[in-house]
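Next up is one chain by itself, shown in structure tokens, the form predicted on its own.
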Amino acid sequence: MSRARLSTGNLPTVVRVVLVVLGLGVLLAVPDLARVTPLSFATIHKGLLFGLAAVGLNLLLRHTELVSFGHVAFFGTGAYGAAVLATYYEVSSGLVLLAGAVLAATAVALVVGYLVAGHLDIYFALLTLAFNQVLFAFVVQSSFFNSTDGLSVRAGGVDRPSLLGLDQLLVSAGLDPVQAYNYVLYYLTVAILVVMVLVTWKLVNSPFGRALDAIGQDRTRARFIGIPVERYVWIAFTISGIYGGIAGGLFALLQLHVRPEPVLFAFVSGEILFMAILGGVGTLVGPVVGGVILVYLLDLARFYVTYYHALTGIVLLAVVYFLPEGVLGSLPALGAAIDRRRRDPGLVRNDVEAVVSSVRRGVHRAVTTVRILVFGVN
């Protein structure tokens, strides 16, 4: 029974601690790095938020082996929860808006989770997709949610939410108000992300997490040993939805306007699932890495590649065929392979021969196929 881990492989504890500290250092330095490099601060921030939602989805995917095609429902519910409070009740506190987002997402996750917990495989996936679509259609058709135009997250339609007054402190220190707001919100996102990853780590290494692993391996056997399967799946599903709600609430605070398509459309659920796979389902922080990479591709690849939609497909194919454990999950195996080749350079020649042989076989099959199509003979 494998466990989720902060990093993958049998890395020494010292190396893991160094990697965690290095990762935190990079996260904290992103605003400064974005000022001196072509990195997009806003895109990385957005990627972290979707990565947080992917961490929640991964709780289901990794430990109960349930695939949700509708997890963006909780992301969108969180975003709209904050927007409704700001638009209709003129709530200006960012923390209160975030609390409203979490409560709204938790309520929806409790209801949906209760209705899907007893189902498996494709039925579970399709039910989550169906609930997502119902929610999307309801919001699009509802005048309360302002249909496809969405809602503002500014109290009274003017002011940005207050972030404990910290943004105002930076403004009084001479920083631009927009920049001050975005910096405070970014560091709030990093703090929440770190806490949620640690909560996940504690959760999956608890008796509850081991029970989820047992359920993922064999539900019938889990029932025989006394695990209340449906109740545990329901709880795990709700917790997973809370991650989406937090991420959605922070996304609303970042965008300051919420529309249905970016936060509730079913394709976004597929993207969140892709983030978990891309970063590494077997790791805790892999989905966060996958979130940043995929959002970067989706948002910025269009400026460099004409067929940028194909690029994300190619990346997915590359991950499935060459990095089945995801970008982060494959690092230890890649490191070990490079180390073996460093000690035995002859292995590199074998690799080259294998690649050349594979290409030859592919060309031979292609030529044979063309010959059959053109001349009708093999």
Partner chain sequence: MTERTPSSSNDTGGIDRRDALKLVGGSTLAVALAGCTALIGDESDDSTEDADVPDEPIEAGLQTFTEGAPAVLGLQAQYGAETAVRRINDDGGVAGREIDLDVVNEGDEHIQNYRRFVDEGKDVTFGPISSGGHEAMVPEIEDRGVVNVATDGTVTTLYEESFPDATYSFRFQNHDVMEALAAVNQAVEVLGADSIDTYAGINPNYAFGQDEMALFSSGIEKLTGAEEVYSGFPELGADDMSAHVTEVNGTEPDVVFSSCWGGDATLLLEQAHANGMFDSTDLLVGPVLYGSANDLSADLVDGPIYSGSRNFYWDEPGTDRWTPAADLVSEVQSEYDVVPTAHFMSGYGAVTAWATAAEKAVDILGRWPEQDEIAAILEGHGFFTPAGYHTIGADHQGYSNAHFGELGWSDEYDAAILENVNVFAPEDVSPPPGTVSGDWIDTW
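Residue numbers count along the first chain shown, from 1. Because the structure is predicted, anything quoted here is derived from the model rather than measured.
Although it is not shown, the form predicted in complex with the partner chain is what the next lines describe.
J.: Hey, in the predicted bound form, does residue 300 get a heavy atom within 4.5 angstroms of the partner chain?
T.: Residue 300: yes, in contact with the partner chain in the predicted bound form.
J.: Within a 4.5 Å heavy atom cut-off, is residue 218 in contact with the partner chain in the predicted bound form?
T.: Although the partner chain is absent here, residue 218 would stay clear of it in the predicted bound form, with no heavy atoms inside 4.5 Å.
J.: Would you please decide whether residue 178 lies within 4.5 angstroms of the partner chain in the predicted bound form, comparing each non-hydrogen atom pair?
T.: Residue 178: yes, in contact with the partner chain in the predicted bound form.
J.: Any chance residue 261 has a heavy atom within 4.5 Å of the partner chain in the predicted bound form?
T.: Contact check for residue 261: yes, within 4.5 Å of the partner chain in the predicted bound form.
J.: Please tell me which of 107, 155, 196, 254 lies within 4.5 Å of the partner chain in the predicted bound form, judged by heavy atoms.
T.: Residue within 4.5 Å of the partner: 254.
J.: Using a 4.5 Å heavy atom cut-off, indicate which stretch of 79-87, 163-171, 142-150, 188-196 touches the partner chain in the predicted bound form.
T.: Looking at the other structure, the answer is 142-150.
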